[in-house]
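Quick heads-up: the structure tokens below are two forms of one chain, split into structure 1 and structure 2.
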Structure 1
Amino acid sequence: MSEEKKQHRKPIESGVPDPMQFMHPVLKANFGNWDWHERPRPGVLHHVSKTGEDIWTVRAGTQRQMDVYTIRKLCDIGDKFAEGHVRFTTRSNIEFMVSDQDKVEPLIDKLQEAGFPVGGTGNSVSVISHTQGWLHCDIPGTDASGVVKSLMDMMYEEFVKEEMPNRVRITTSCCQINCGGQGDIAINVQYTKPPVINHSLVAKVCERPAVVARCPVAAIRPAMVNGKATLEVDEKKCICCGACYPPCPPMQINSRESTKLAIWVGGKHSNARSKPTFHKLVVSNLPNNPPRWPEVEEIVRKILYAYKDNARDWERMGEWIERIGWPRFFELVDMPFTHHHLDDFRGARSSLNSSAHIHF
């Protein structure tokens, strides 16, 4: 192999470094050559390659926001009880890879002793995919990581066991414009009122043309207030998306009255059994009520256990709802079904080209 081919691919702004340099030797040697796999127990994956080599993966849940001491603790566990190779999933789970089955149980025992539950595989509730929240993000409407903590405390047993009809993927977002994704259950911020403008600060802080250009519905325009250059909002056009707040913090979109949470259900990314789907609104205007968000927890609990008790094996959340119908779903979760829930959007073809099997 030439020296040029040995060099790792350079990281790019929109991507990640070459993963091969950090990959477990067994994974690297058998890349693209796996024969079969199984789940011996919740949180453990066993892969066998066509060469006969084995690899066991132990998955544990972690918090989304980690201090350096927690990271060091996880790395020490990986060095002492695994084989020094770890990876993080998109849902903030950490996975340890070992090539010796005898190392699996001691690794699990050590992780659980250190407070990291093992699970999140198969038909379970995995750790909630969420955004950065108040600690890191400069534009959040809520603390998504706090919402996740309160919900995962409630759903702990569903993480360490595989007792759901199918896998359950839950997402949260801190704002409406940057983050969030399709999920079986999604908890997303909704802004309910136009921004409140501090006119004395706009000219000092904001590039007004950039803010005007940022608005997706052309509801913002330059203005003069008390002799100072500022901005104004046409509230009849404003859709309360919050897009103006990041480039211009004096256009404050957050408050106890205007920042609410909404819960959506039925979204999925996979092509298994049915095409990917967008989630749909179930309930809105829930209070943004830290530190435990009890109103959100109550609704998520109703939805999750109605699904667990009534869905057939292998049905994802959206597939179950499509089978029983939305009116019946709202009966089972004990929530009102109104005309606001009717989805009559017909703007971009019936499939929105959301399937991997695209036909134009």
Structure 2
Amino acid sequence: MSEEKKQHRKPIESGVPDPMQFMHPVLKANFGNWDWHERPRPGVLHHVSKTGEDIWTVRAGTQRQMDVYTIRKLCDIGDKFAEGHVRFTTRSNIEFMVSDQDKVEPLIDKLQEAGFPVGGTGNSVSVISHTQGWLHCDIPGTDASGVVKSLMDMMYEEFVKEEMPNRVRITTSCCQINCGGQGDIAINVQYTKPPVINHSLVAKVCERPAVVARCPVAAIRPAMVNGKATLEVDEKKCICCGACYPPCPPMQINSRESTKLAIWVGGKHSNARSKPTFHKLVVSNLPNNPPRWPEVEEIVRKILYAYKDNARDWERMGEWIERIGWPRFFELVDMPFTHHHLDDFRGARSSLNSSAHIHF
């Protein structure tokens, strides 16, 4: 009993840790007092404070899902070349801050030697934002880490260089919830068939009214099958979004045949020049083909290099397409334009061209 009691430790509800205790001393000393920055080479940022102090940042790509050996290796490099301080970017790049310029080159050499690509700055393709997939998600249509690895292998040169018209932010998502977010290019699971329902489990596993309420098109209704309370789907209404699957796993949305991948373009989070935008459909029904998804890779490559070859400096993917027009875009990437590209969900009319502005 007393042993049991001893184990009842109360959590220390300390919240978000104060970063000041971990921050590089030069960042701390110049907090809120930075003046300007430049990028002396891809993967390196040089910031100068108003007091004239300098800090160099070396950015390297990681696999995000890291084993402790990888983390400790990065720590060893950080100790030897970067004064024991690191940080991560929102796209899972690691950054080493260096106050001594002479350490920059040796640090880059060491990172590259250890297998960490140095880049991801400026007008490069940064790391694909990464979800969980088969490794850990309970509703994945595909893997995340494998897709990211395959695509980053293909785009490696574009990570370590800054030769794109503007930054390229690519995202992946393993279901239509789209945890990966908006991207210049987004590679997302697209379901193509209504859920297959295991009627004997629905009443036991699912809170049926909540599942009915979850459907965006009101296609789910209560039903009795073999004397058991269950749910059924009006397959004519069903848009195959998979929203019913998380709250009701017996409504299986995934299958080898029906789980496909779609590619979208022109999503943008930044406010630079144009307002933030959502990505738009380019192609659907690509096969979910592990371990390297070659069909997806080929189309991503096509879109990426059409952008690289044709966009003007500082145009993001969506801004480039806005200028050249969708007809020219579909021509340049050699993709079919179908009735599925016309939005028919809420607010769809605002995506139609109500003008005589035509691209010829």
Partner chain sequence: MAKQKHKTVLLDELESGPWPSFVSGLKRLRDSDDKKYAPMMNDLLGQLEHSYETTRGFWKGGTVGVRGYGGGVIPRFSEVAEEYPESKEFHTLRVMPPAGMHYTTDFLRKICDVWEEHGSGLIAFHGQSGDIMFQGASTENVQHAFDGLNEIGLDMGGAGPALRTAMSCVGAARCEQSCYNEQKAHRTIINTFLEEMHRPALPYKFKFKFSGCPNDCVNAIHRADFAVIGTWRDDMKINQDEVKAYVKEAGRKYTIDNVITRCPTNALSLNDDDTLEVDNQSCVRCMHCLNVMPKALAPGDDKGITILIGGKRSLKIGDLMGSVIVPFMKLETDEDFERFTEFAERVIEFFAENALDHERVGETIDRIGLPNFLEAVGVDIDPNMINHPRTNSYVRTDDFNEAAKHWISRKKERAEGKDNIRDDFVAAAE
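None of these values were measured; they are calculated from a predicted model. Numbering for residues begins at 1 and runs along the sequence of structure 1. We call the rigid core the largest set of C-alpha positions that still match within 1.5 Å between the two forms.
Novice: Decide which single structure shows the form predicted alone, answering 1 or 2.
Specialist: Looking at both, the form predicted alone is number 1.
Novice: Is Asp153 one of the residues whose C-alpha moves 2 Å or more between structures 1 and 2 after the core fit?
Specialist: No, because once the rigid core is superposed, the C-alpha of Asp153 moves less than 2 Å between structures 1 and 2.
Novice: Spell out whether the Cα of Ile71 moves at least 2 Å between structures 1 and 2 when the two forms are superposed on their rigid core.
Specialist: The answer is no; the displacement is under 2 Å.
Novice: Is Asp100 among the residues whose Cα moves by 2 Å or more between structures 1 and 2 after superposition of the rigid core?
Specialist: Superposed on the core, Asp100 moves its C-alpha less than 2 Å between structures 1 and 2.
Novice: After aligning on the rigid core, report the distance the C-alpha of Cys248 travels between structures 1 and 2, in angstrom.
Specialist: Cys248 is displaced by 3.9 Å at its C-alpha.
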